[in-house]
Structures are given as structure tokens and as C-alpha cells.
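Let's start with one chain on its own, the form predicted alone, as C-alpha cells.
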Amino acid sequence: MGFSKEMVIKAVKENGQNEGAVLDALLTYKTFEESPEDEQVLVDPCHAELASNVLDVYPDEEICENEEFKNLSTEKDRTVSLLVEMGYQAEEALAAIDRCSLDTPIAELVEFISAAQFAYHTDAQLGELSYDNKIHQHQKVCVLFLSELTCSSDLRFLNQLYTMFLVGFPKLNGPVYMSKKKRKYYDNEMQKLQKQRKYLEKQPMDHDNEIVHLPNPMVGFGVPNQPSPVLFQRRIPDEAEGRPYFYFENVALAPKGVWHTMSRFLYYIDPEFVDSKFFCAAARKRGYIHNLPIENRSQLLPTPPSTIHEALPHTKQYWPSWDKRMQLNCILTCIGSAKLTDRIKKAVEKSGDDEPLPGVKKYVIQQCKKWNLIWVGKNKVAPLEPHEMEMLMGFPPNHTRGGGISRTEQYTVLGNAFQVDTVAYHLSVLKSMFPDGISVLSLFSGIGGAEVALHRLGIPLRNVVSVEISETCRKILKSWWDETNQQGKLIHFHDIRMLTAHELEKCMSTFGGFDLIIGGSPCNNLAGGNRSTRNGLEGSKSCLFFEYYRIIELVRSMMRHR
């Protein structure tokens, strides 16, 4: 095939017995006549001055004067050749260009390739760990990088690195090839990271800057019919402004440091903490990080009932005077047992027509608050029915009923859903911006709280890409979509980890990008009710927050280059 003996020996030495890799290397050598390894430029992806260094070494004037570049027919060939001269494989360069676009500056392409190399090498060092365990280790590496960021170049590298950890280096089958010098460099970097991690794990986490203080009352940047909080200058960084807008939700009462970390990843935007008791008859303390405007918000009409007796009038005749509850607690994914309700009934009945003893009343009220029990008969309490939960959460009647869905599944999906009226209040600012309809990327869609809110606001849903792992939730959303005669297009994805840049690009090329990215990652490892695995963003479920961040960065980057 015309390859020299020296070229074949070099390809086999670098790639072993992998015939495909050897052939790729030989074709690369023959096409680009790669420089010797000791003349390759080794770029340190952790250096803050990365962008300027790369462009200083290879200025545009030098490219134009190089005869080899003049003979290349396209701009893509020029970029590939430049990256090959810098010491990278042609296959790496092509993959980086395909992912980042041809217009991406050389410095950012270098960051992309370096992140892929680092990710592969890190993954190899973790050996045979399970996928989830590897992701946990990768997150720790990313958090360490985050703590050392000094410029936007570093942030781009971190984003690329995290993307590689989750979706792999695109269009490459097998390892990313590294020279001996590069491999030695990354070995040293991993040793430094391991030392830093051990040091940080020993440090106390009670610094003020790790805590986001929750307001009391939780009215965020303002809620209807309540005194406005003291306004402060809300700052949205330039890189986070405008379309696509994003809206992230999770439990307010998360472990210490969690909201600080999430805010750092989402452009240091201050969370807005709101209790849904200002919008409906049930409390729901949630935090929201978003780049939406906060002026001229409006409430859904008609406004929902604000007290238990307004929402559930049939309970009023049985409600004892000593139960002073006006609103329900947070809607949960589970309900009180029949044994519990029977025990409460017997305890109250022992008092006859008199009020129960103080100890009995205290116990009954505690259990009623904990499980949202309501009075449905004389001395008789019961958990909420699914249709009552639907109403309290702002969903239409029978939203979760039928289609082979059990009552247990109804309780689970409703307990994990958005409170529609609260979310709609925040999203109401979009109505004037998108009168002709909106394209939405709905992450962790659940039973479609975001879609229902936008529909009730009167904003046409032109395109919705929904990412939801629960088949039950996907059925519910699809059923609602059909029943409400939505004219737009609904696209389902099963797993957010499989939503790659390639898949996003296919969707965006169809309808021109997204106007809104919305979702709330799982709170399993954040919620106070979890006593066994409440380990924050390192938990196996709540770590999916980093997927939300990855998707936002990918979409915003792609839309900038469209």
C-alpha cells in the first residue's frame, strides 16, 4: 500500500495489534507527514493562558505562508492539518470539529481534544468500577477543577471534560491515542488531583460561602398577595442571558452546600426559594435557578383554593376544632397506612364526646401533618385520594388516572411533580415573548408539569423534546398531549445520559433550536426524608443534576454557533 518500513514499525509500536488503529495511523502519517514526537506541542489544558498560548504559537500569518496549507482544498482540511501539526491525531481533530463546529476557535478545539484524552485516561485508571461509581469519581474530579477555575477558558475545559465523562469521545471506537509525553503529563495530573481530593475531604464544610441561606417566608423574588421582599440587584452574567432560557427546580431543604454548588455550575445565579403555599392549599418548599425576567409576572386564572376547606369542602363538617391546620404539608410520594388511620380512629374514640387528652391530640396532629391526613368522617382520617392530589398540584382531573397506571404509581408520580401554579407564575413572563409558540427541552419531564403550565398560560407548544426515564410518566404526558389536541411535535427520550450532542443537533436542526430548557433533577439524595442515602450531589440519583448542567452548556454552545 506504499507505506515505508519505518512508518509501519512506528504505527505498530504506538497502536499494538489493533489492525484498524494501525491502518488509521498509517493513513494519517502518509497524508499529513506528521512531525516527530519530540517536536510536538504539548498543551496543558489546566493553564489559564491556554487560549492565548495556542494562538501565539500558530498565528494566522504563519498558516497562510505554509505551502502545505495552500494545497489543502477546504477550511476543514486547514484546521485538521493545524491540529495534526500540534501533535493530535487526525481522527481526534475531525471528531472535535464535528462536535464543536468548524467555526470554533483553535483554542477551544484543543480544549475539547484535551478533555477527551483526560477523560479516557481517568476512566482507564478507575478500572472495572461500575458505571455509577465511575460517574461519582468523575464528578469529584470536576468539582476539584471547578474550585481552581481562573478564567472562561478553564470553564470551557471543565464542561468538555464532564461531557466526555458521560457520553464519551464522539466517533472514536477504542481509546484516544496519546504520546508518551502526554500520557506522563496526565499521570502526574491525576496524582495531583488525588492528593487535592484527599486534602479537601478533610476540610470542614461550615464556611459561610458554602451555605445558601433560606428566606423566611419563602417568597422568592415576590409572590401574589404578599409583601414584596427587599429587592436586591439580581445579576445575570452575560453568558447566561437570553434564549434559550433555562429553569431548574429542586427541594429547598437540601444538605449544606448543595445549593451553593448548583448555583456555581449554573452561572452563579442566585436561587429563588418559593413555598407553594402562596399559590395553593399545600406547602411545597422548592428552590429555582433560572435566567427568566422577574418583572410583570402573572398568576394563573382562576386562582386555585388557598385553604384545606376551600379545596376539600366535604371535610369541613368532620374537622375537629382542635385541628387548627389551614393548609396541607408537602405532597409526598407515599401515603399513611390503613393501620395508622385505624389507630388514630381508636385513639380519638376513647375520648367519647370530649376532646382527646393533650398527648393524644399531639400524636394525632403530628401524624396528620406528616402524612397529610384529612378528616372524612366522625373521628375518621384518611390519606388524600389521587384526584385530590392532582387538584392541589394544579393538574387537570384524571391526569394520572387510567392507561394501566396503578394507584401506587399515581401517588409516586404526583409526589415528584411540579406544582403547576407556582411554576406557571414564573413562566408567565414568556407569554409576551413567544406569542406564536415555544420550543421546549423538558429534562426529567415527569408527568408534564412544565408542559401543563405553559399550556394553561396560553403559550402554544410548537416542539417539545421530553427526557424522562419512567415509562409511566411518558404514558401520562403522551395521553395529556393527545387529549388536549396539541398541534406541535412531541419527541421522547428515555435516558438523559443518552442525550448526546449529536441527538441534540438533530432535534435543533429540525426546528431551529430551543427557547426554554426546563426540569428538576431527582431529589432522592437531597430530601430530608431520606435518612439512609442523603449524600447530596454525590448520590446515585441526585448526581443527575450534572446532566442538566451538561445539556444546558451543550445547547447554549450549539446555538451560539448556529
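If you're wondering where the values come from, they're calculated on a predicted model, not measured in any experiment. Don't overthink the numbering: it's just position in the shown sequence, from 1.
What follows is about the form predicted in complex with the DNA, which we do not show.
Enquirer: At 4.5 Å between heavy atoms, is R284 in contact with the DNA in the predicted bound form?
Expert: The answer is yes: R284 has a heavy atom within 4.5 Å of the DNA.
Enquirer: Any of the heavy atoms of A338 lying within 4.5 Å of the DNA in the predicted bound form?
Expert: The answer is yes: A338 has a heavy atom within 4.5 Å of the DNA.
Enquirer: Examine M326 and determine whether its closest non-hydrogen atom to the DNA in the predicted bound form is within 4.5 angstroms.
Expert: Judged by the heavy-atom cut-off of 4.5 Å, M326 is well away from the DNA in the predicted bound form.
Enquirer: If we define contact as a non-hydrogen atom of the residue within 4.5 angstroms of the partner, is R235 a contact of the DNA in the predicted bound form?
Expert: No.
Enquirer: Counting any non-hydrogen atom inside 4.5 Å, which residue from K346, K378, K369, H314 sits next to the DNA in the predicted bound form?
Expert: Residue within 4.5 Å of the partner: K369.
Enquirer: Counting non-hydrogen atoms within 4.5 angstroms of the DNA in the predicted bound form, say which of S263, T333, Q299, S479 makes the cut.
Expert: Of the candidates S263, T333, Q299, S479, T333 is the one lying within 4.5 Å of the DNA in the predicted bound form.
Enquirer: Just one of 303 to 311, 276 to 284, 485 to 493, 432 to 440 has residues with a heavy atom within 4.5 Å of the DNA in the predicted bound form, so point it out.
Expert: The contacting stretch is 276 to 284.
Enquirer: The DNA is absent from this chain, but in the predicted bound form, do R462, I552 and S557 each have a non-hydrogen atom within 4.5 Å of it?
Expert: Heavy-atom distance to the DNA in the predicted bound form: none of the three under 4.5 Å.
Enquirer: Can you tell me which residues in 243 to 271 come within 4.5 angstroms of the DNA in the predicted bound form, by heavy atoms?
Expert: Heavy-atom contacts to the DNA in the predicted bound form: E249, N250, V251, A254, P255, K256.
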